[in-house]
Ligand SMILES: Nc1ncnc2c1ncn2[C@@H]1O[C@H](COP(=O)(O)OP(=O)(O)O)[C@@H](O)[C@H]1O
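Okay, here we've got a single chain as structure tokens, the form predicted alone, with questions on binding and movement later.
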Amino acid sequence: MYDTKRVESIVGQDDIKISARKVQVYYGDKHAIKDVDVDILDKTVTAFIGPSGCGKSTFLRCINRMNDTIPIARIEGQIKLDGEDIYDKRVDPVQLRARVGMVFQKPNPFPKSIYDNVAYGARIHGLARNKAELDEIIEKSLRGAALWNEVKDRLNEPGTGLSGGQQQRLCIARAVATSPEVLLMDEPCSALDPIATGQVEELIDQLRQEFSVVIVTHSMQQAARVSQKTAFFHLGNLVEYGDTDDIFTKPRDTRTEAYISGRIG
């Protein structure tokens, strides 16, 4: 297990966006996440890798309290965003999710126009005082998702009419429209073809200029391509966390080495 104090001394507290300590997650009697400590940096892509069912998506959903929607889920420990405990009773989960956006495995545009898909969060959170400001948010978000030039002449058409890759970029535009500080992505390319995957990966690299991006991926190649930090999960434990190059070329834990070499998975 890596040393969080050592990481803090190297990167400095100011670079840490999300800090987790002793996080446990239970689904009923099942202990899904065990004693996870990790510091996630700002303006960095952090990849969560590991075998299916290892807890990486469960932990990702802790960061914006999506597990709150599961009645049998119970979370213990502490997760801080900019030093604030996100599980404090005074924290509104709806407001938290404006700060911590999420993109899911399968593109899930609303059955609305392209414009209304992106406008949804901005309207809920009252981010625009008039249509001109809303138009500006829509354009900025679609440009940020590298989609504006493809859809600017058909904003009133349904988002569900776009291709799979365009739909996923529309969902990314919808997530960034609330100006989040963190963007969570749960296997965002698993339903996409190689060309669309390449477009989303390029986009992820651009997004880290503005956000802390955390991506769960089943593809080690993708983790190696898009991330600067990698966390390896196995059987609910965070086994190893560090620079992506180090995780893939000189892992410190034998379980990490076994997974990367294909002996477990």
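Computed from a prediction, not measured in an experiment: that's the story for all the values here. Each residue number is its position in the shown sequence, starting from 1.
Another form, the form predicted in complex with this ligand, is not on view; read the next lines as being about it.
When you look in the predicted complex, the only residue of M66, V38, L41, A32 with a non-hydrogen atom within 4.5 Å of this ligand is A32. Taking non-hydrogen atoms only, I124 never approaches this ligand to within 4.5 angstroms in the predicted complex. Not displayed here, this ligand is kept clear of G198 by more than 4.5 Å at the level of heavy atoms in the predicted complex. In the predicted complex, at least one heavy atom of S57 sits within 4.5 Å of a heavy atom of this ligand. The closest non-hydrogen atom of S52 lies within 4.5 Å of this ligand in the predicted complex.
Only one listed stretch (68-76, 133-141, 82-90, 95-103) carries heavy atoms within 4.5 Å of this ligand in the predicted complex, and that stretch is 68-76.
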